[in-house]
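Below sits a lone chain in structure tokens, taken as the form predicted on its own.
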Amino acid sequence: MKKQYIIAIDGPAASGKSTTAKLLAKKLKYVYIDSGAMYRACGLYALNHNINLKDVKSLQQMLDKIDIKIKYTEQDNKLYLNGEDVTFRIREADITKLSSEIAVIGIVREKMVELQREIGKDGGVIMDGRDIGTIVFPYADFKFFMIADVKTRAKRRWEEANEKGENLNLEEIEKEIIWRDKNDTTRKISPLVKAQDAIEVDTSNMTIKEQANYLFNYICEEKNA
């Protein structure tokens, strides 16, 4: 494949979209646009410049100055904040709380979409989320909408937690996912919705590797047809 494509992957929580997107990015040697990392970068900038997140004027001034770029490397993506490599700094504990607070601010989300489109303008990018194929990249070359039944998704989250040594209740996880689904599909800003031209992929009986291979083979077959 010579052309560099824009690939959008949407879906509900625990449908496997993020891990699949990262694996697919490695297979294609594409940039994986990590929106969470971008909000973390915003949080870092706010921390470094003592920005009050409740001060709209200060926030807007910050957003006018901020620049975020993501570059592909063989090992992993690198994230640059105004030219500085902050790949590891944004993963530190003090940034985590800030990123959660800043991600729900409307003008910040608008700026991030603008930057995400800038990163992806020449293609060669993969991004996952809940509004990628509808809001961020409505003109994406490929759009996938990944689904899985609730019990499967709950079990995946439960297994992930076990691997990390976390003792969580499977039924409670299932209830949380049901709540997340309702919240994501009914929220006013960028709700979870399948784009009309998206390919639906049911991952209920697929491993992560199988998911990545399925998307990879689909892209190759479509562009070689």
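One-based numbering along the sequence shown. Since the structure is predicted, the reported quantities are computational estimates derived from the model, not experimental observations.
The protein also exists as the form predicted in complex with 2'-deoxycytidine-5'-monophosphate; that form is not presented, and the subsequent description refers to it.
Within 4.5 Å of any heavy atom of 2'-deoxycytidine-5'-monophosphate in the predicted bound form lies no heavy atom of K151. Of the heavy atoms in D184, some are within 4.5 Å of 2'-deoxycytidine-5'-monophosphate in the predicted bound form. Although the partner is absent from this view, N82 stays clear of 2'-deoxycytidine-5'-monophosphate in the predicted bound form, with no non-hydrogen atom inside 4.5 angstroms. Contact check for S99: a non-hydrogen atom falls within 4.5 Å of 2'-deoxycytidine-5'-monophosphate in the predicted bound form. Between 2'-deoxycytidine-5'-monophosphate and the residues R91, K78, R117, K155, the one pair within 4.5 Å by heavy atoms in the predicted bound form involves R91.
With the partner removed from view, the residue among R180, K26, K69, H49 that has a non-hydrogen atom within 4.5 Å of 2'-deoxycytidine-5'-monophosphate in the predicted bound form turns out to be R180. Heavy atoms of every residue among G36, Y39 and R130 are located within 4.5 Å of 2'-deoxycytidine-5'-monophosphate in the predicted bound form.
Partner contact region in the predicted bound form: 103-111, out of 103-111, 70-78, 140-148, 118-126, criterion any non-hydrogen atom within 4.5 Å of 2'-deoxycytidine-5'-monophosphate. Compared with the form shown here, the Cα atoms of Y30 and L79 sit 3 Å or more farther apart in the predicted bound form. The pair K29 and T87 is looser in the predicted bound form: their Cα-Cα distance rises by no less than 3 Å compared with this form.
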